[in-house]
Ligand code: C5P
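Just one chain follows, in the form predicted alone, and it is written as structure tokens.
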């Protein structure tokens, strides 16, 4: 929660990312801020006025000259704010802001505002990299506007690149920081240990056995837990993802290194979330220090790496333990239930890796959180950041004795 109520004006423009603005508005209003929303005509094609009004607690402003709902000088009153946030901001709105145009209520409010202004662009990655857009963004920055750049990932058009609006929680945290507000979340005081990525078991000096895990889900959980106030350690197995200030990172490569890192930290954690994809097998015997000579056949004897989670039971029995079950085909959900019982976990997150649109290497996921008490939670296809928060909702509830 915020310690000080500020007047914030949220401008929502005509991007498909406007669907995220409802959650952003909920976070800002929930932190105690006096939130007013301005919605452009184009934004109404993507998100309803009623939803934004309900979460903000005020009627949504829209048209510059609509005396039935807003006074003639609405833009002057709205401009008397502590912060103006435009999220999402389309290329069109950014261009008009740079040109000093005022043909709608949001633009007029921007020109009249003397408070800090934050702009969150969202658009196709080709548009984001167009010289005209880059020049407009640079001009706004030169005028003192704070730009929160878009995230990379799968875009609404089906292409992949940097153009996605950041998740509402990330924008909210940035706004709180700009306002000098402390973020006190529902995981404050908890020590959360997360694993992410895929381990690699060497065959020789250059070859290895591994899997397709990118670490995106584990990183999303670590970042979400940090946003919600936890002290977070992330054990990263072969991950090349951006790193966030405030999280302690431990880099590992093999399953043995992952096990050692866990054993070093597990006693000190309150919550363990095993999102890493650990290799099930390793090459038996001592691996060559050099590179194996290429031959028509190479016989490798594989042995199991061992069940890390089960082996940790002797180290830590009091903390909350959350596992992951990436299953493929057949009775996959029942296999996940068996893992939950066998590994003596508090929760296990099941996802179907037979689908190419979610899971490994994707920015999205669809999960079922199995709790063992019949209160399973299904989360339909959404961003991994949103999945992370849904998992942590249950973690927070169990931590408060509601699980």
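Since the structure is predicted, the reported quantities are computational estimates derived from the model, not experimental observations. Positions refer to the first chain, counted from 1.
Only in words, not in the display: the form predicted in complex with ligand C5P, which the text now covers.
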Exactly one stretch in 84-92, 218-226, 302-310, 237-245 has heavy atoms within 4.5 Å of ligand C5P in the predicted complex; which is it? 302-310
Among 166, 323, 319, 185, which has any heavy atom within 4.5 Å of ligand C5P in the predicted complex? 323
So ligand C5P isn't shown here. In the predicted complex, which residue out of 117, 78, 105, 278 has a non-hydrogen atom within 4.5 Å of it? 278
Ligand C5P is absent from this chain, but in the predicted complex, do 274, 327 and 343 each have a non-hydrogen atom within 4.5 Å of it? yes
Using a 4.5 Å heavy atom cut-off, state whether residue 339 contacts ligand C5P in the predicted complex. yes
